[in-house]
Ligand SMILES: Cc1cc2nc3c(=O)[nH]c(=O)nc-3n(C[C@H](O)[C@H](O)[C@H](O)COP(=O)(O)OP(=O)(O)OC[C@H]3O[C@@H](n4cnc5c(N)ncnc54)[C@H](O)[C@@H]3O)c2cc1C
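The chain below stands alone and is given as structure tokens, in the form predicted on its own.
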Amino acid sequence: MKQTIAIVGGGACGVASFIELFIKIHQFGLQDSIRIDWFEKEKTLGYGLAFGSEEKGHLLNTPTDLMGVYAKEPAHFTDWVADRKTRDSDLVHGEGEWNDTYTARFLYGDYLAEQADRYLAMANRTGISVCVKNTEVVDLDQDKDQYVLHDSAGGVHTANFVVLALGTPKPQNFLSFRQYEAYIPFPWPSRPLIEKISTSEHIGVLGSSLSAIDTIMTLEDNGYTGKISLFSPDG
């Protein structure tokens, strides 16, 4: 009887986990003893919350030569970008060599989606059992020697092992603010920022690091002209 490994999440961590599992299963000839159930609520694998942004101004904060999805090939993404000759587009930024460029996040999402599709096809050809389930896991229990996963549609799934690749959680700070229409708890996806905020309003941003920078770039790239105040404990 095959043992089941469940991967919960189909973003960057989910794709990386699946690829490493595929490599080990194939390397040790475990096709007949292991199957993979992969859960992702979106229809497309690879993008997740972090790399599904449609904003061209949302860039990776790490150069391409450190973003390869393969554990032993950190420069794989650099080669992928160079092969597509996207240097002159507005999706790749930097003046130096290819390995020192920074790309739009959704371009990295394209890369991850391509790698996921590639390895799913390889799994099919090599007899590795993989089932991608387009649903959201909302709860997890343990029953003796197995895990029980509950999805948002009321479905129940079991697995012997579970990999949680959940991505970045929404912050739970300032829960009392959620009653106010003008409060936006998270800058991703960017659509609520664009749809809720008029281009001339005064906006307060709690924080001044990467999420705050993404917020400002989203607003400016979409015609915002008002005042922005950033609040940070570091000043």
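Each residue number is its position in the shown sequence, starting from 1. Since this is a predicted model, take the numbers as computed values, not measurements.
The same protein also exists as the form predicted together with the ligand; that form is not shown, yet it is the one meant from here on.
Visitor: With heavy atoms only and a cut-off of 4.5 Å, decide whether T135 touches the ligand in the predicted bound form.
Guide: Yes, T135 is a contact residue.
Visitor: Is there a heavy atom of E42 lying 4.5 Å or less from a heavy atom of the ligand in the predicted bound form?
Guide: Yes, E42 sits close enough to the ligand in the predicted bound form that at least one of its heavy atoms falls within 4.5 Å.
Visitor: Is V205 close to the ligand in the predicted bound form, meaning a heavy atom pair under 4.5 Å apart or at it?
Guide: No.
Visitor: Taking heavy atoms only, is I36 within 4.5 angstroms of the ligand in the predicted bound form?
Guide: Because no heavy atom of I36 falls inside 4.5 Å of the ligand in the predicted bound form, the answer is no.
Visitor: Report the stretch among 55-63, 196-204, 176-184, 26-34 that approaches the ligand in the predicted bound form to within 4.5 Å, counting heavy atoms only.
Guide: Among the listed stretches, the partner-contacting one is 55-63.
Visitor: Scan 5-44 and note down the residues that get a heavy atom within 4.5 Å of the ligand in the predicted bound form; none is a fine answer too.
Guide: Residues within 4.5 Å: V8, G9, G10, G11, A12, C13, G14, F39, E40, K41, E42.
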